[in-house]
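Just the one chain here, laid out as structure tokens, in the form predicted alone.
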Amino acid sequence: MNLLLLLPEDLAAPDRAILSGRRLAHVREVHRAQVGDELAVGLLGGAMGRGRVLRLDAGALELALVLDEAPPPKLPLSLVIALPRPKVLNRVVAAAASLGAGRIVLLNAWKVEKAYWSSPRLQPDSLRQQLLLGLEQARDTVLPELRLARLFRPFVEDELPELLAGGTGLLAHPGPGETVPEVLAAPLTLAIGPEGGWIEAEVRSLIKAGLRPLSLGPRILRTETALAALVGKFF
């Protein structure tokens, strides 16, 4: 982890934190910190700064805190991603958080298997853990908004147009489409389909809602690869 992310319940005082569990193990085994060392820390939803190690043993990590830095601003970016298969979901959610997206929508689609929606990895605690891992990686403290849209049509017809209002919406889909626009009105919404692509009826609905087709070339990309490629093009 590049940032030791503190939760409100870790605070013993405004300038003291006591940690155990996964983060304690990481500091001991990976950072190999010692008493007196300083670590990059941040309070979830709050400021970042430094934590000086006061105590470090098998039972706990105690830190003296100086939190005087603002977290990086969120990108003016909403990601609408067709729900990936469970083995990929963790990587996609963590990557989207680390890239700085302000909003993540996991959307149903024809090529999304129904069984994906019953995966334990979609439980709130599991999704939150992946978001936290993404923040730790990127040195951020502010969670993106994350929601599940299990019904394609109500989301696309009722919610997506409002999401796109005043900004730019682009639809990543294999096949013909415009190249990366030189000028974009913020905020930006990017829709990324299943690895096999959206079906044609979905493409028509998404375009009708206000998305513009965007070509990433002739290659079929994995969801996490398409995510990184698209965000890298615009930010």
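The numbering used is simple: start at 1 and walk along the sequence shown. These numbers come from a predicted model, not from an experiment.
There is also a form predicted in complex with S-adenosyl-L-homocysteine (SAH); it is not shown, and the following applies to it.
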Practice task
Give a yes/no on whether Ala172 approaches S-adenosyl-L-homocysteine (SAH) to within 4.5 Å in the predicted bound form, heavy atoms considered.
Solution key: yes
Handout entry: Interface membership of Gly217, S-adenosyl-L-homocysteine (SAH) in the predicted bound form, 4.5 Å heavy atom rule
Key = yes
Exercise for the section: Please check if Ala226 has a heavy atom lying within 4.5 Å of any heavy atom of S-adenosyl-L-homocysteine (SAH) in the predicted bound form. Expected result: yes
Problem - S-adenosyl-L-homocysteine (SAH) contact in the predicted bound form: Gly210, any heavy atom under 4.5 Å - result: no
Exercise for the section: Quick one: find which of 188-196, 22-30, 41-49, 57-65 has residues within 4.5 Å of S-adenosyl-L-homocysteine (SAH) in the predicted bound form by heavy atom distance. Expected result: 188-196
